[in-house]
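Shown below, as structure tokens, is a lone chain in the form predicted on its own; questions about how it binds or moves come after it.
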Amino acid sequence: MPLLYPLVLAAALFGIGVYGVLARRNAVMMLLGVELMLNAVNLNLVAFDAWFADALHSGQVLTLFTITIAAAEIGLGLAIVLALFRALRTVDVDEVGR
């Protein structure tokens, strides 16, 4: 499989994630955008690991590390969003800043 396919898919995922972070005002949707961007990075790491045929599989190891960081990030982010919702009854980022 050529390297171009996963790179295009990763670029599309990253672009959708950037759009989700910049265009949405809902905190949960912003977190989902960040997760899409992290998954795009994971896809690139695995694709380049397979492309270069790394004997140590460092791309896959870094992907596992990134998945761990992403899981911690989404857990902490959702806890913050839940605390904001309980305190302010909204998850709109613009209303939280006022």
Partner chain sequence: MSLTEIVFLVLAVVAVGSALLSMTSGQLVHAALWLVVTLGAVAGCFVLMTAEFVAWVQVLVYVGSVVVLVIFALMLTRQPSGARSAEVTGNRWIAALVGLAAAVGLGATMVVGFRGEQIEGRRIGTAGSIGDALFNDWVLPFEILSGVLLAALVGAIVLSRSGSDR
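The model shown is predicted, which means the values in this text are computed figures rather than measured ones. Positions refer to the first chain, counted from 1.
What comes next is about the form predicted together with the partner chain, which is not displayed.
Using a 4.5 angstroms threshold between heavy atoms, Leu82 counts as touching the partner chain in the predicted complex. Shown alone here, Ala87 lies farther than 4.5 Å from the partner chain in the predicted complex, counting heavy atoms only. At least one heavy atom of Pro2 is located within 4.5 Å of the partner chain in the predicted complex. By the criterion of a heavy atom within 4.5 Å, Val96 is excluded from the residues contacting the partner chain in the predicted complex.
Taking the partner chain as positioned in the predicted complex, the residues of 39 to 53 that bring a heavy atom within 4.5 Å of it are, in sequence order, Asn39, Asn42, Leu43, Asn44, Val46, Ala47, Phe48, Asp49, Ala50, Trp51, Ala53.
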